[in-house]
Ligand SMILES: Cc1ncc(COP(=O)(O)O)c(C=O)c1O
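One chain comes next, on its own, written as structure tokens: the form predicted alone.
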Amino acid sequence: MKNYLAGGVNSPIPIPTHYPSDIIGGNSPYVINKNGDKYIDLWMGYGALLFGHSDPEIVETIQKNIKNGWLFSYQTYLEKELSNIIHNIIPSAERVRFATTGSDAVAYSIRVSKAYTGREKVLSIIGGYHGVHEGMIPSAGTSNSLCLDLIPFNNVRIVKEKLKNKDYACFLLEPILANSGCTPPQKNYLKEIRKICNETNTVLIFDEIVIGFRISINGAQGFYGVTPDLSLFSKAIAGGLPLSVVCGKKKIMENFIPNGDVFFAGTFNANPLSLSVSKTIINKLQNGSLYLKNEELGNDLRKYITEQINNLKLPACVQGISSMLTIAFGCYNFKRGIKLESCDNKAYCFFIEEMAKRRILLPPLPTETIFLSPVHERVLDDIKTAIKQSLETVKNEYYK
């Protein structure tokens, strides 16, 4: 079949060698191409699929709720119902609004922060990813209208220096970097940030779009015991269906129309099918068993990969938390995140192509995060075997 996609893909990332380009389905830890070939998926919908592909309870929820209709111009009962649930589990969620994508949620949060503070400048982190809208991503054709300053992660001193003049509307922060190598915050970093933002009246925004619900049902804010002013969620909150959440303090959130004058709208915002799946997912997370299993799997795999790297004396490292991890070549640690230019991207590409030959798919960029799910437990030995063989090939053929 002729491919009429611009650039051959619907993404900025070319398809790596040996990766499938014709996926037609997914089941548990696998994605399946049109020929029926199965690949173990370690990207898991950019982290959205906490329970793997085609989880039976989620499928049942979709089948049940789609019969009731999937788009209304009016407020649904589900909106109020899910807002109550989120209010009860997310520490910052005094008020809630639903959108469609993570990029939308970021844009709304910056907009309301500017209106609330009367300031224009935005502070964020080098290597943080906050969507595709104007000013948030380097690209031809975009304007520089967003006054965005970037600083290193895990550096309190620079935050204090930047915010002391009280001219930033917000500090937009991933509590755990997920697109610059899976990089957790250092001890007390988030608490110190919270204190500085309080002192300077800067809106602290936690972008939990990627990591939300990955380490705790209460978000990273619940896990670390630090409550931001605004929080953003997407991906895992609806299991990969289009849904994002902006939630936070009442005094800020009430600046949205109709109570305030900050515009917030979208045809597909609060889609009832997505909201119904979100209810099911949050219910499945309540007993905490997923987090125990993910911690076990993550620790096991990080330990195994580290042992293989050390045995082979490879210039590489692995780090992460809970179900998330990143493998990087050409460096031995990345406590403030990694950039493509600071690691051996060619070695990583060689490695993932070797993994793909063994029918295991990893994120195509070394800055991206690998995501585990309990569905990987039954194929963990296969994953380990492939990693061992692929690392040996990297050692013998790439670093020869």
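Note that the structure is predicted; figures quoted are calculated from it, not measured. Don't overthink the numbering: it's just position in the shown sequence, from 1.
The protein also exists as the form predicted in complex with the named molecule; that form is not presented, and the subsequent description refers to it.
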The named molecule isn't shown here, but in the model of the complex which of 117, 76, 103, 200 has a heavy atom within 4.5 Å of it? 103
Quick one: of 304, 189, 256, 129, which gets a non-hydrogen atom within 4.5 angstroms of the named molecule in the model of the complex? 129
Which of these stretches, 77-85, 287-295, 157-165, 174-182, has heavy atoms within 4.5 Å of the named molecule in the model of the complex? 174-182
Quick one: does residue 209 come within 4.5 Å of the named molecule in the model of the complex, counting heavy atoms only? yes
Are any of the heavy atoms in residue 214 no more than 4.5 Å from a heavy atom of the named molecule in the model of the complex? no
